[in-house]
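Below, in structure tokens: the form predicted on its own, a single chain.
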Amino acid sequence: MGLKVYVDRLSQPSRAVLIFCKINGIDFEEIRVDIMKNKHFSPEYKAINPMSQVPAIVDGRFKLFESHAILIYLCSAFPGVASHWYPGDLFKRSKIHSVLDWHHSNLRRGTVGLVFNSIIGPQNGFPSNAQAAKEGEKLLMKSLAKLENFWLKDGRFLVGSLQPSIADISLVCEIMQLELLSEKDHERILSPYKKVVQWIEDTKKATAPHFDEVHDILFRAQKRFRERMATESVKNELKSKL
């Protein structure tokens, strides 16, 4: 039995795991778990991940969920993975863990809070929550400032590295979810953070061509969402004139 990777490409951590596998030449089978159709709550999937979240992996008899844990496992289990993704040096490895722990409590909470409550939820039949979106954006902006002024202060990649680690790929995939916002909001939120914008581009280049291929579904969703927002804006403008 080979490695099976259970993902939904609209999920930020799912994309991080997929890109990592592809860039490192890991042989795997991608199995889609459509979260918009609640497939992550199916009995079959809950037998793999009782938490009903993506991604998850099955490697032989071994099952694992949580993207950070999966990335660490892949670095350790597959000898062909380049050492810069998860260095053997204890100090460097500990700093990567520090970033990953910070990510879940800060950047991820902010991004999900903003994007889900302002875009994904309302576009899929859930009630909008302006207050939750506002709180998410506040935490997101604070997190981007920390990236700009602390995590990226010493080098091209996180924690002063010259090459990307699993932390870089995980956090950049998180920020890419902002592509679902309107072009105006995307520019307003990201443009003040020059180091962050450059770091995103550097990580894309370091993982090409797999980065854009895995994110294609996000770009298609972006086009669809922005077209809907433009249509709704025109309708609202017409109503205001009546």
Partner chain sequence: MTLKVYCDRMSQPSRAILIFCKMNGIDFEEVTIDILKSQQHTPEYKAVNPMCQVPTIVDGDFTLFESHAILIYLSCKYPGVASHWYPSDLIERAKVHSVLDWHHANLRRGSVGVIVNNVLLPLKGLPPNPQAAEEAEKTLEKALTILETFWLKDGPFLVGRSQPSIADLNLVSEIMELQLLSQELHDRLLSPYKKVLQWIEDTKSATAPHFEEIHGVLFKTRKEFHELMATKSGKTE
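Since this is a predicted model, take the numbers as computed values, not measurements. Residue numbers count along the first chain shown, from 1.
Quick note: we don't show the form predicted together with the partner chain, though the next part is all about it.
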I'd like to know whether S98 contacts the partner chain in the predicted bound form, with contact meaning heavy atoms within 4.5 angstroms. yes
Answer yes if any heavy atom of W102 is within 4.5 Å of a heavy atom of the partner chain in the predicted bound form; otherwise answer no. yes
Using a 4.5 angstroms cut-off on non-hydrogen atoms, would A69 count as touching the partner chain in the predicted bound form? yes
Report yes if any heavy atom of M141 sits within 4.5 Å of a heavy atom of the partner chain in the predicted bound form; otherwise report no. no
Only hit among F65, F211, Y193, Y45 for heavy atom within 4.5 Å of the partner chain in the predicted bound form is F65
Which one of H84, R156, R109, K134 is close to the partner chain in the predicted bound form, taking close to mean a heavy atom within 4.5 Å? R109
In the predicted bound form, does each residue in the set Y6, I120 and L162 place a non-hydrogen atom within 4.5 angstroms of the partner chain? no
Stretch in contact, per heavy atom within 4.5 angstroms of the partner chain in the predicted bound form, of 182-190, 50-58, 211-219, 22-30: 50-58
Heavy atom within 4.5 Å of the partner chain in the predicted bound form: which residues of 146-178 meet that condition, in order? K146, F150, W151
